[in-house]
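In structure tokens, the next block holds one chain alone, the form predicted alone.
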């Protein structure tokens, strides 16, 4: 990893840039896919799947009648781990379900807000280089808690035209309704517009590569709701002189192995960590099955060394990481200074992989600096809120003058009359 020593603040925006494909190429390629699915439906999905995934499908749906038997050969230890993770995720997300509340803003004027589950939701589960069955739990469980009526799942098929059994098992225990074999931008198009087989959904959720993320953003421009921009994975480790370089290296590599377009950053006030962490990375990466993927990601990655820890914290807030790991003294004080991050992991015994799998927090998080404005996935992501109001005759008298005066000065006489005609009757 390349090291930068005390970079000036004017360099920070450049250092905080994520690796990205050329935007015009991305958008034109994806627009062709969106248009193709709109016009061709199932046939287009099958053609794109053959082109991008190397397999020709006869059927886009993995029928529910096969789910249970299909998962019989999953190792018992994996089933138990998935179930434990699901229980923890449910425990963390269950209290997020808000109840309606009523406020009487003035005598006779009652207002309230009612949470209503989004009816049809589409989950995208990446599966190109790794079957992310954990993402099923992270999205289907809050959808289940929210009370969504229909939950569908799209995931790319493997070379044999199948879906990974662990994805099916996670879908089975979280009450997903249907599974479809479709990946990439074509899956997003299918859930956005609908095909003969894949239903149109009200909102699309899930992480993915730059094609998936850009496709989600492009369909959102056409009125289709999405959860957030959640693209290639990233982590920033914020470390002081007390940090363990072996732990840091392990955390950096755990994100680097996600994909060649991932990015990992170390922000520190300890100059000696640069050499120690690079050495630890060399030692650990040699044993990784996904070594080549991690090595490519490390080419996009950086170690940034500052004179003081406060500046290292400032740089972290500038970067606004998807995942932030803090290995430092005075953890509570440091945590209070974090303003921009998707999810934060405190202390030497809190690896980011805990949040990826089983601690209970959600791992679907904003990337590419969007943590400055977006939150990670939650039950609220699967809910919309409808406001209600009820005004009695007494209430209309109490609030009537206020409405009539405001309408008069906005020169909206019909607004004023809607109140006046009631008060006079």
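For clarity, a rigid core is taken as the largest C-alpha set superposing within 1.5 Å between two forms. Every value quoted in this text rests on a predicted model; they were computed, and no experiment measured them. Positions refer to the first chain, counted from 1.
This next part talks about the form predicted in complex with another copy of the chain, which is not shown.
J.: What stretch, of 208-216, 306-314, 134-142, 180-188, brings heavy atoms to within 4.5 Å of another copy of the chain in the predicted complex?
T.: Stretch 134-142 is the one.
J.: Looking at another copy of the chain in the predicted complex, is some heavy atom of each of 341, 349 and 355 within 4.5 Å of it?
T.: So, yes: the whole triplet contacts another copy of the chain.
J.: Can any non-hydrogen atom of residue 169 be found within 4.5 angstroms of another copy of the chain in the predicted complex?
T.: Residue-level check for residue 169: no, no contact with another copy of the chain.
J.: Any of the heavy atoms of residue 75 lying within 4.5 Å of another copy of the chain in the predicted complex?
T.: Yes, residue 75 is a contact residue.
J.: At the 4.5 Å heavy atom threshold, is residue 261 in contact with another copy of the chain in the predicted complex?
T.: No - in the predicted complex, heavy atoms of residue 261 and another copy of the chain never come within 4.5 Å of each other.
J.: Is residue 85 one of the residues lying within 4.5 Å of another copy of the chain in the predicted complex, judged by heavy atom distances?
T.: Contact with another copy of the chain, yes.
J.: Since exactly one of 243, 235, 192, 253 fits, which has a heavy atom within 4.5 Å of another copy of the chain in the predicted complex?
T.: Looking at the other structure, the residue within range turns out to be 253.
J.: Given that another copy of the chain is left out here, which of 270, 257, 158, 150 has a heavy atom within 4.5 Å of it in the predicted complex?
T.: Flagged contact: 257.
J.: Taking heavy atoms and a 4.5 Å limit, what residues of 218-251 are near another copy of the chain in the predicted complex?
T.: In sequence order, 221, 223, 225, 246, 247, 250, 251 come within 4.5 Å of the partner.
J.: Please say whether, between the shown form and the other one, the C-alpha of residue 31 moves by 2 Å or more once the core is aligned.
T.: Yes, shifts by 2 Å or more.
J.: Taking the rigid core as the frame, does residue 199 move its C-alpha by 2 Å or more between the shown form and the other one?
T.: Where the cores coincide, residue 199 still shows a C-alpha shift between the shown form and the other one that is 2 Å or more.
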